[in-house]
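In structure tokens, the next block holds one chain alone, the form predicted alone.
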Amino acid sequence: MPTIYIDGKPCQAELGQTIIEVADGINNGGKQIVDIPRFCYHPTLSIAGNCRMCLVEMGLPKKKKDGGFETDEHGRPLTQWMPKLTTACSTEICDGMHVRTHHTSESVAEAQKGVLEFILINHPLDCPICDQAGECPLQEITYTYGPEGSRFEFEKVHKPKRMAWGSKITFDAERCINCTRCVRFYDEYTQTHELEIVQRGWNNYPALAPSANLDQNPYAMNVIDLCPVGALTSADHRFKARVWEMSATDTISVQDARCSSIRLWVRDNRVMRITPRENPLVNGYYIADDDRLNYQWINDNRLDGPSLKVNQEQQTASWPEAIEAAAKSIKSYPPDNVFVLASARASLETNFMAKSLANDVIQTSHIGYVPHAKGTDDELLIRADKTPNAFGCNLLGIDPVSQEQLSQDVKSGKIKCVIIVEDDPHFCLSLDALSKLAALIVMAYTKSESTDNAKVVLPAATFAEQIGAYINFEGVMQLTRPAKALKYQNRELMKDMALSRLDKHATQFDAWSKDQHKIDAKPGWEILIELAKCLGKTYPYQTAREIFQTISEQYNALNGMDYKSIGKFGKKLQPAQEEQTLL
């Protein structure tokens, strides 16, 4: 394995790697060795080398005519430095190479200042109103490496502003620095070629190709994250919140069986946007647009507090009243007439408690989950299975059941009481089956016609309001973490809750410290434990962690695992571990 020296520090490398890859710590466990600024370079895209921000000094050991190396008086090889600076993104390493960055080379530091001065000549000074402010690479790199001021006193070049690239992306050409990341993304990752560079010289900028339609590209919005400036912004999130006003929680998407790693951005206890989180085990650097835009249901139309159906209308009830009414309804039917419908949308802990409720408490063998399949798998990230935890249900021994079969059992009178755990009753049962069902107990997230007709409604916390384990279709286990606080919870006291500056410094007089956006709901596993207690079975669990510990002790697939070992990036189950066997 070749060794190169960056600012005098020896670094392990591999043939074919570039200087910037070694500096980023690819061979150092992902731990960055030295920061080399860049705009056009991205690990998943081809090398463009057009921003010139990653310039470094490069040198090789001096060779003698006889093939050996020249040395100094201490026997150390002498370095012959190249006469000009080179780009770290495009220069492949070789054994013994020496590299000087801005930390040790004045010429590199001056060159970077010059590059930034040229980039900023025509860049508009609109950081105060730019959505990218606070998380803008150009802004951060300018503060760190750029000149203290500008010598340019003339009118800047003007280009098109606020151009709609379909309904999802807004483009501001004046902010663009022509890094071409967006063009290369559509050319190389999605291979749909929607963009091209138009005009010449300082007037050029990326534009939609003729007949291109980004609304039909399911990954189009990834260029917003790729853009190193504020040229590309989300039409959905534009001007709604500043980055320093929001908390960022590392969690996963529940849009489909991919379970892409994401960040939930929350202000005033409302999810404002979703962005991708790098995870080489699951989704790499990108997410599908459906994952990014799948958050309105977390905020709006939520069930707020339990209710009971009285005289054909839903009436608000306390949690003890609703739990007792649900238990009373379950007791009024023989176990064989009760079906516990678990959910591939729910966490592993909730499904484990659903199975325990069915088998140990109600003592019915009727438990299953309804699969959610739509469309087909694509070659990138999107999966046809629109649930995040079907793998987990199968692992627990909860088998899939079709809507047709369950509806037929209800219409025939075999099933009289159905407990639906975190799923849509209209998807799980046909309309005529719902109308013939004697008792429907629903643990749901949002209001619907089904919840209006349910005998008991128990509001369940979403993935954004609790910690829980999910296993994607490839057997990678990941955790959701709470980004929103429920009613009676304090964000500052919750160990797993990310906090924004507003959260940390709020007072009782500040609008963002009020409880109007906190809903009265509980994690599914907690509701099921309370229901089991009312039915005569007491479980000792106080947290999801304790339930997961029991699961890991009972199932070979999870033996020895805990939340800490899963971490932020997840843990892939070994093939031998994926068997549904008990210890």
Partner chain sequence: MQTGFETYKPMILNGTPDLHQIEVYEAEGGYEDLKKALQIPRSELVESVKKSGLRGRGGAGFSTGMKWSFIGKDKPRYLIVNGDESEPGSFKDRQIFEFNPHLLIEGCLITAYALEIKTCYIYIRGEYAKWIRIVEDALADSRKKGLVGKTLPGSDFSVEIYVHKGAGAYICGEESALMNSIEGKRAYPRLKPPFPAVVGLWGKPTIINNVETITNIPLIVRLGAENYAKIGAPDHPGPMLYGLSGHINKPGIYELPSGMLISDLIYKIGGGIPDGKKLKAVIPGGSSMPILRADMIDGVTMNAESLKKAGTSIGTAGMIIMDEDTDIVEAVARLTHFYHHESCGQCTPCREGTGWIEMIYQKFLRDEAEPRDIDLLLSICKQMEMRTICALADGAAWPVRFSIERFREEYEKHCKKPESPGWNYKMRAVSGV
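Positions refer to the first chain, counted from 1. Here the structure is a predicted model, which means the values were calculated and not measured.
One more form of this protein should be noted, the form predicted together with the partner chain, which is absent from this view; the next part is about it.
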| task | Determine which one of 108-116, 411-419, 395-403, 135-143 lies within 4.5 Å of the partner chain in the model of the complex, judging by heavy atom distances; exactly one does. | result | 108-116
| field | Partner-contacting position among 280, 128, 210, 83 - heavy atom within 4.5 Å of the partner chain in the model of the complex | value | 83
| query | Can you pick the one in 489, 363, 199, 446 that has a heavy atom within 4.5 Å of the partner chain in the model of the complex? | reply | 199
| query | Hey, in the model of the complex, is residue 310 touching the partner chain, heavy atoms inside 4.5 Å? | reply | no
| query | Taking the shortest heavy atom distance, is residue 49 within 4.5 Å of the partner chain in the model of the complex? | reply | yes
| query | Can residue 121 be called a contact residue for the partner chain in the model of the complex at 4.5 Å between heavy atoms? | reply | yes
| query | Applying a 4.5 Å heavy atom distance criterion, does residue 153 contact the partner chain in the model of the complex? | reply | yes
